[in-house]
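The data below hold one chain only, encoded as structure tokens and taken in the form predicted on its own.
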């Protein structure tokens, strides 16, 4: 499949952590590059099926042979200091598909005006195991939603997704804003509370920290409404259902805490708190968790 210019479409995945490896596996039919610190091979387990991936790899300071047409941004927020300069230098006119946790991608990439950003969401659940070799286990493929754009490269991605059964779906820009905020609210409860409780998602509703879920959701919904974003009335039920549906999952934030890495709290609860401050909406529960999780690595 080729874009309107007639040349083959080149796709690069930024991030060599769990999600970067996962997308390298899911998109392997189009032979993506992968960019980041950890070189392949990557071992993986997908519901009993084991495989080894050896994609073309570039470190952050290597120059690729040509500019990629599409960039899948699958890195952690702590690596955005590497990803943004890489995009600016090697892919400033690319179509960037962001599948990162949290919010703030638009602001982070605003200094590269020629790129097209499609900020989506994914519920894929992946755990990284790097004790001896780089490895991941896929817990669930989840679903992946992207905003509709008028860029011709989106058409190529739609064709690829259909041909290779990626199960990507596209929604209107307005609907995606709501969906992204719904996921942000879910993450703002489950991620920091599991990180503090040191428990899998399914144990959280029985933990005393679960009492914070109600004020976290109330504050987050107030900020969303202040921004003119529609949020369903049953978010509390949705969050509880998500803990059950992902009962055995270890949240990405808890994985970071256990590994001694910087978390994505700034892009989740911190983002809600900052937006609340701009709107004059108090967010004391989000402020508290933002500070608590940040101190875990202080």
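Treat the numbers as computed from the prediction; the structure is a model and nothing was measured. Residue numbers count along the first chain shown, from 1.
Separately, the form predicted in complex with a small molecule exists; it is not shown, and the next lines address it.
Novice: Quick one: does residue 90 come within 4.5 Å of the small molecule in the model of the complex, counting heavy atoms only?
Specialist: Residue 90 lies outside the contact set for the small molecule.
Novice: In the model of the complex, does residue 229 have a heavy atom within 4.5 Å of the small molecule?
Specialist: Answer no; every heavy atom of residue 229 is more than 4.5 Å from the small molecule in the model of the complex.
Novice: Can residue 78 be called a contact residue for the small molecule in the model of the complex at 4.5 Å between heavy atoms?
Specialist: Answer no; every heavy atom of residue 78 is more than 4.5 Å from the small molecule in the model of the complex.
Novice: Using a 4.5 angstroms cut-off on non-hydrogen atoms, would residue 183 count as touching the small molecule in the model of the complex?
Specialist: Answer yes; at least one heavy atom of residue 183 falls within 4.5 Å of the small molecule in the model of the complex.
Novice: Could you tell me which stretch in 112-120, 218-226, 189-197, 158-166 has residues with non-hydrogen atoms within 4.5 Å of the small molecule in the model of the complex?
Specialist: Result for this chain: 189-197.
Novice: 149, 178, 101, 144: which sits within 4.5 Å of the small molecule in the model of the complex by any heavy atom?
Specialist: Looking at 149, 178, 101, 144 one by one, just 101 meets the 4.5 Å heavy-atom criterion.
Novice: Using a 4.5 Å cut on heavy atoms, which of 38, 242, 67, 236 is close to the small molecule in the model of the complex?
Specialist: Exactly one residue meets the criterion: 242.
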